[in-house]
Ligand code: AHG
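The chain below stands alone and is given as structure tokens, in the form predicted alone.
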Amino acid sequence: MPITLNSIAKQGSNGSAMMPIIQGVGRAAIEISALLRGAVFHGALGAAGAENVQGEQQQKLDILSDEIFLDEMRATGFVCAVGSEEQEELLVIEEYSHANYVVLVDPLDGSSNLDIDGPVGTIFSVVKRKTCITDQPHVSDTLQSGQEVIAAGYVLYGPSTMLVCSVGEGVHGYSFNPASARFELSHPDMRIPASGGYYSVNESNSEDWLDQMGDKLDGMKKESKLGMRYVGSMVADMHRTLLKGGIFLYPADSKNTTGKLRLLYEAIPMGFLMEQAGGKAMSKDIAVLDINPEALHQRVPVYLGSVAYVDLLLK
């Protein structure tokens, strides 16, 4: 019998509590995947005519994916609030405001790829609330370091739809099987290769990078002999890095002096997965999972990959 998402219940001390939430992520992923496949026929491609809290142009599919994800988290009955990259404030699920868990999500990572039919994804993490269950969930419930993350993962919408997740007991990949209409284990115990692979970065911005990162990357390239691959969707680039090895980086630059990627929605979930897969996750001179968040939409520089290459880059 194929192994399904139900197997998460048997993974470590948090698996049974996380299984319903990750199953909810799976349901959202199936809906979003169907939405993406039919978007061109339903006028769902293109800009929505509004900006998100970061001042970025929202795509219609950003908004629709956000709505789908919130609905599926509500349907679990275990989530009291959702923090979304697409929403300025924490979204409290009133009917389950007494529930124990808060989910943080980038509902459609890489949406600039949509108009060229490129790969996109969803990134999520789960923390246990800090406020009393008799109180209203508060933004402070989200401001927890990666050391407090209970579960994290991503969905890649590519030739197949794949859900990669961890509840703190390794990283496992589940591919959606259209024949059975469910996610089935396809990539057990994912481990990043210690050597080989690619470096992944938008190198056209290198002249604007801070912290001498352009020179550091040049030095790493000469010593490591890594090739370059870059998709422009963190999910797709990270998925390749996990499977093939190498390093993914998004340095701070003169325009984004504190970094571009969001700590809660991108850096921490991906850093959690990278460490669970045997890799390293850094933000300049501090481990990503050791950063204490100060704001819901805080940004940081990110360096994720095989231990040797992260160390070589940041030495």
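Position 1 is the first residue in the sequence shown; the rest follow in order. All figures in this text were calculated on a predicted structure; none of them were measured in a lab.
Below, we turn to the form predicted in complex with this ligand, even though it does not appear here.
For the chain shown alone, F272 is not a contact residue for this ligand in the predicted complex, no non-hydrogen atom being within 4.5 angstroms.
Contact check for M234: a non-hydrogen atom falls within 4.5 Å of this ligand in the predicted complex. E72 falls outside the set of residues with a heavy atom inside 4.5 Å of this ligand in the predicted complex. Among residues of the shown chain, D141 is not one whose heavy atoms approach this ligand to within 4.5 Å in the predicted complex.
The partner is not drawn, yet in the predicted complex one stretch among 145-153, 165-173, 132-140, 109-117 has residues with heavy atoms inside 4.5 Å of this ligand: 109-117. Residue K260 is the only one of K280, K60, R27, K260 with a heavy atom lying within 4.5 Å of this ligand in the predicted complex. In terms of contact with this ligand in the predicted complex, the residue from Q87, N177, N202, N100 that brings a heavy atom within 4.5 Å is N202. Along 120-156, not one residue places a heavy atom within 4.5 Å of this ligand in the predicted complex.
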